[in-house]
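One chain comes next, on its own, written out as structure tokens in the form predicted on its own.
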Amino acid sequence: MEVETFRQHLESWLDDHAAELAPAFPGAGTLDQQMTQLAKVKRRLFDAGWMQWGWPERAGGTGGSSLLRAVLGEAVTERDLVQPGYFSMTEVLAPTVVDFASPELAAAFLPRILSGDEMWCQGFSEPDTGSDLSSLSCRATPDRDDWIVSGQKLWTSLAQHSRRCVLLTRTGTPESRHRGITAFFVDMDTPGITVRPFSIISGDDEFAEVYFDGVRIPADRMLGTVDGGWNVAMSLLPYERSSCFWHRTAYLRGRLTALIEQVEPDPHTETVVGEAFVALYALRARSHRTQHRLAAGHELGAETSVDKVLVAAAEQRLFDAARELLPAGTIELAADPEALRWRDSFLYSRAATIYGGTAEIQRNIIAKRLLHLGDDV
């Protein structure tokens, strides 16, 4: 299906089903409410055939350009039907399953992710690795036809709501760095897994510590090859910085519109809003190019670090503008649902230069791998 035809039909369908898709709670809602809403929206979209577009037929999709997935994510986040980061988890993890799991497992599990029947999480970060993913130490040891995993993961988004986890483990020596990492996907109810959610500054338990104590994983749950997990990770991260950012741009654009509607125009307001507008549309232009490169079959890599720097700058600039321009105390003393939403969004934006790889790491990647400025940068 052509992209514009898809967009027109989708928008018409969303208009016709607006009442049933709308959240049943005011404002942003709690994490549990958001997860229930996400599952509801994905199920409705899946049953109507929308979620399957842009995914390969061999894995249970309908086929078509990946741009169709981007249009769908843009539409539902722009309408505030789902929280963009949670909806985008599909875009991060499902391509990994399609590309690296066996064809039989990909065909079995992709529809479960698309339909909202299953939420998956990403077990990458560890307490002592920070942004240096290649130094991870959670270890997998072969045992006949299985692997035994022990270790800890940190900052695992939505682990307590997830049915399965895409997991990076150490299978080589620590000195082997990225050449000794293997990826699996593991059922989160496997004996030996302990999930401990913790609150972030906005009050939600979005992240969790996940402990693996002698967890047995069947060998057919390996993604890719033994010691080939770095390739899996490097394939996943560009998705995290492509369609996900397109979805988030749509959400931020909606918040910018809401801000404009709530403030009185004057020269200072126009300057502050204008700066936020420029940052957001620079991001949108860059993200648009990335989407089309992905759809054309180009391999995404270090250049997506530019997207990451731009999304962090745009998000923080927008919510700094809201804090400055909204009536005094709107964010600090938030009480009604809309004010609470502004507060939570402002607080969450503080992490935009940290999650998914810090701004410092991204700029170093840009300097070394794109601008070739040398190892001493």
Partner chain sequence: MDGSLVDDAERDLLIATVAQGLASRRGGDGYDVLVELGWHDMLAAEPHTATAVVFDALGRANVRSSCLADVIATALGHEPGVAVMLPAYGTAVAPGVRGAAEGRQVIVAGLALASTVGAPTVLVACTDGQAVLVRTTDLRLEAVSGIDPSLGLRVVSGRAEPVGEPAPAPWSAAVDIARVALGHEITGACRTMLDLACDHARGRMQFGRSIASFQAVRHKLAEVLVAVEAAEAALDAAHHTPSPVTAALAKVLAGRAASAAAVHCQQVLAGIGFTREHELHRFLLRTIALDGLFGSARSLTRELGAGLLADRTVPRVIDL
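The shown structure was predicted, so the numbers you read here are calculated from the model rather than taken from an experiment. Residue numbers count along the first chain shown, from 1.
FYI, the form predicted in complex with the partner chain isn't displayed, but the following is about it.
- Taking the partner from elsewhere, no residue among T156, R177 and R241 has a non-hydrogen atom within 4.5 angstroms of the partner chain in the predicted bound form.
- Shown alone here, R284 lies within 4.5 Å of the partner chain in the predicted bound form, counting heavy atoms only.
- Taking non-hydrogen atoms only, E275 approaches the partner chain to within 4.5 angstroms in the predicted bound form.
- Although the partner is absent here, L67 lies within 4.5 Å of the partner chain in the predicted bound form, judged by heavy atoms.
- Among heavy atoms of A208, none comes within 4.5 Å of the partner chain in the predicted bound form.
- Annotated contact segment (heavy atom within 4.5 Å of the partner chain in the predicted bound form): 263-271, selected among 93-101, 263-271, 227-235, 189-197.
- For the options A334, V309, A351, A39, the residue carrying a heavy atom within 4.5 angstroms of the partner chain in the predicted bound form is V309.
- Taking R139, R112, R253, R221 one by one, only a single residue has any non-hydrogen atom within 4.5 Å of the partner chain in the predicted bound form, and it is R253.
- Along 161-175, a non-hydrogen atom within 4.5 Å of the partner chain in the predicted bound form is carried by no residue at all.
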